[in-house]
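Take a look at this single chain, the form predicted alone, given in structure tokens.
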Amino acid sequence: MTHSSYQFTRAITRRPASSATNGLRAEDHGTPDISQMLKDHAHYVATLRETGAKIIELPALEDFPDSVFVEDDALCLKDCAVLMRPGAPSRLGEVAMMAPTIHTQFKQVFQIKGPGHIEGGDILTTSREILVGKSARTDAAGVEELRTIVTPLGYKVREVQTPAEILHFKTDCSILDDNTILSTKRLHVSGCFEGYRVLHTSDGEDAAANAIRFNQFVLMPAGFPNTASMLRENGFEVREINNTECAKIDGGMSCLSLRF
């Protein structure tokens, strides 16, 4: 089933909760500044809206510190959505809070029932396949359940391995167009992108890999000038958005929206 991997008419976002200071993190890089996070989030939403897309903004969920990272809750495809089953116990309840909104947007909604786990941050949808990286948050059983759901709809699921030091598969990669992927060198050497054109983040700028192509823009975290220049030289219209606070709780550009 071929369709463009970066043309969208809608996106779902969720306002950061003040409890985001307690968000999950692999390493402690300090406490997020919520007022700055709110400003950055507003800039992100405004940039999505600038493309002409309709943005559905959901209210903060104080009971779920990581709930600003809506991408992990669902996989949105052209003709259906699949509600995920997060691998972090503190995030399991987020899916039920997202489900009503997903049901208003899609006629066909499926759900990962378990026992496996799978998070949207480990799923890269290209024009030809759905790449799913096994990680600390996504296991083989979760990938297999997703495959069972979407294969009859014409989608091809390919399981790959996220290197152990990377939280989510998309921490280190993003789709730029139907045949081009932005990736860190450490992920690319795993061989998972054979057959694609791959552009590398610049040395020391691995965190720039979590970008999103949303219609005419590539939204990327600010502070990675060499990667930004490389993308512009390759013809992409780059918008840089401060991500210092979300980065403290392992979040990036793709995590902050569900795009469809």
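Residues carry their position along the shown sequence, with the first being 1. Just so you know, these numbers come straight off a predicted model, no measurement behind them.
What comes next is about the form predicted together with ligand CIR, which is not displayed.
> How about His117 - does it come within 4.5 Å of ligand CIR in the model of the complex, if we only consider non-hydrogen atoms?
Outside the cut-off, so no.
> Would you classify Pro16 as touching ligand CIR in the model of the complex, given a 4.5 Å non-hydrogen atom cut-off?
No, no contact at 4.5 Å.
> May I ask you to check whether Ile166 falls inside a 4.5 Å heavy atom distance of ligand CIR in the model of the complex?
Flag for Ile166 set to no.
> Using the partner position in the model of the complex, report whether Gly121 sits within 4.5 Å of ligand CIR, counting heavy atoms only.
Yes - in the model of the complex, heavy atoms of Gly121 and ligand CIR come within 4.5 Å of each other.
> When ligand CIR is placed as it is in the model of the complex, which of 184-192, 99-107, 167-175, 150-158 ends up with heavy atoms within 4.5 Å of it?
After filtering at 4.5 Å, what remains is 167-175.
> Looking at ligand CIR in the model of the complex, which residues in 133-161 have at least one heavy atom within 4.5 Å of it?
Contacts from 133-161: just Arg137.
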